[in-house]
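First, one chain by itself in C-alpha cells, the form predicted on its own.
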C-alpha cells in the first residue's frame, strides 16, 4: 500500500483518507460512501467531479469522450480513475445527499454456478450461489464485478434478483458478444458447479424514496436485469407508485421474462409494460408497439414533470432517452441511468 492523503468532498463536507494505490472512487466505496458512478472504467462520466484544491492527481486510462482534454485542463476529473498524491478538495457535481452515506460494504466473494439458460439468442440468465460468504447485502439495481478466470480482468453485471439472504443466490442477465471476454467464456467454457470470484456491490441505480412521484423505466438488452430487480423489489415491498416500463428489442425473439413482467401487475396495480420491436418480422403476429423505444416513449408520454426516470441499456439508447425525458419535463437530477459499456463494463 502507498501513502494516504486526505480527500474532502464538497458541498457535502465529507472527508476520507485515500491510499495512493487506490482510486478515489474505490476507496470511498470501501469506506461506505455511495458516490455517483457507473462503469468504473472512465467511459461513462457519471463520476465526473471538479478539483477545487490540489493538483497532484494522476488518472488511469480513460476515454476522452468522458473527460475531454479541455475539461481536464479546467480541473475536472473522473473519480473512478483518479489517484491522489496530496491532500485535495473535490466538488461533487452529481450526488444524492440522502444516499451518499448509505453505502454497503464492498465484499470479496466466491460463488458457484447453479444454472446458465439461453433466454434469447444473445442473452443468458446466469444464476450463482454464494459459497463464501453465504450472503452479500446489496440494493436492488446494483451490480457485482465478476473476475474472468485465468485473467486479471473483471466484468460488471447487474443483479436481476432483489436479495441473496434466503438462498445465497445472485441472478444476472448477460448479453453475449462475439469477442466478449467474459461472455465468450460464459458460452464456451463455464459450466454448472464451476466457481467464480466476485467483488461488490457497486452502483447507484437504486430506487429513490419518493412515493408521490411516478416512475418511468426505459431498458434495452441486458439493461433488463437491474430494472427487473427494481420491479421485483417494488412488488415485494408493496410499492404502488404509477410505473411504466418501456423495453426495446429488435424482434420478438429478443424479448424475455415477458410473462413474469406482465404478471407483476397483480401486485403492482398501477404498472404498465410496453415492449417495442424495432425490426418485427414481416408477416409475424406481433401486435405491440413498433419502432425505437425512444420513439414509443415519445408517443406515449406528454408531461413527465412529476416523474423519476430510470434508464438502463446500450449507450446509444441511454443517450437518446436522456434529452427526450428532459424535453418531456423530467428534471435532470431525477434521471438515473446505467450505460452498459462493452469494454470493462457490462461485457
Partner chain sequence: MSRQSVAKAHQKIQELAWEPMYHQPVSQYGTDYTFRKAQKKDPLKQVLRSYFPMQEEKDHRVYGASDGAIRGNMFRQVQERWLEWQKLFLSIIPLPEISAARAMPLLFRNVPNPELHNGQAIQMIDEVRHSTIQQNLKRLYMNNYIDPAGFNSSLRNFQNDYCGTIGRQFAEGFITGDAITAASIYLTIVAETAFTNTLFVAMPAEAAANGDYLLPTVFHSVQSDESRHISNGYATLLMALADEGNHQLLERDLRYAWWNNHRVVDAAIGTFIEYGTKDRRKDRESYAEMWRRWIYDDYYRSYLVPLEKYGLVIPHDLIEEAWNQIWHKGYVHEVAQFFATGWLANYWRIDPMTDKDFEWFEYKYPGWYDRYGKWWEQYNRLSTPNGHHPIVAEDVDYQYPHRCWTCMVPCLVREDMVMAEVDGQWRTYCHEACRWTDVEAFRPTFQGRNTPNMGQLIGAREWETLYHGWNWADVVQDMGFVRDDGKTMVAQPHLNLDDPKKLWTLDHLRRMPNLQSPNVLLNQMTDEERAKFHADYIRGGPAGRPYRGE
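On a predicted model such as this, the values are computed, not experimentally measured, just so you know. Heads up, when I say rigid core I mean the largest set of C-alphas that superpose within 1.5 Å between the two forms. Residue numbers count along the first chain shown, from 1.
The next section is about a form of this same protein that is not shown, the form predicted together with its partner chain.
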Residue 65 within 4.5 Å of its partner chain in the model of the complex, heavy atoms: yes
Contact flag, residue 46 vs its partner chain in the model of the complex, heavy atom cut 4.5 Å: yes
Its partner chain contact in the model of the complex: residue 39, any heavy atom under 4.5 Å: yes
Contact flag, residue 89 vs its partner chain in the model of the complex, heavy atom cut 4.5 Å: no
Partner-facing stretch of 236 to 244, 67 to 75, 156 to 164, 255 to 263, counted where any non-hydrogen atom is within 4.5 angstroms of its partner chain in the model of the complex: 67 to 75
Heavy atom within 4.5 Å of its partner chain in the model of the complex - the one residue of 93, 110, 119, 192 that qualifies: 93
Contact assignment for its partner chain in the model of the complex, among 181, 99, 114, 207, heavy atom within 4.5 Å: 99
Core fit, then residue 278 C-alpha moves 2 Å or more between this form and the one not shown: no
Did residue 214 shift 2 Å or more between this form and the one not shown, C-alpha, core superposed: no
Core-aligned CA displacement of residue 38 at least 2 Å between this form and the one not shown: yes
Pair residue 92/residue 214, Cα separation in the model of the complex versus the displayed form, closer or farther by 3 angstroms or more: closer
CA-CA separation of residue 132 and residue 28, closer or farther in the model of the complex than in the form shown [shift of 3 angstroms or more]: closer
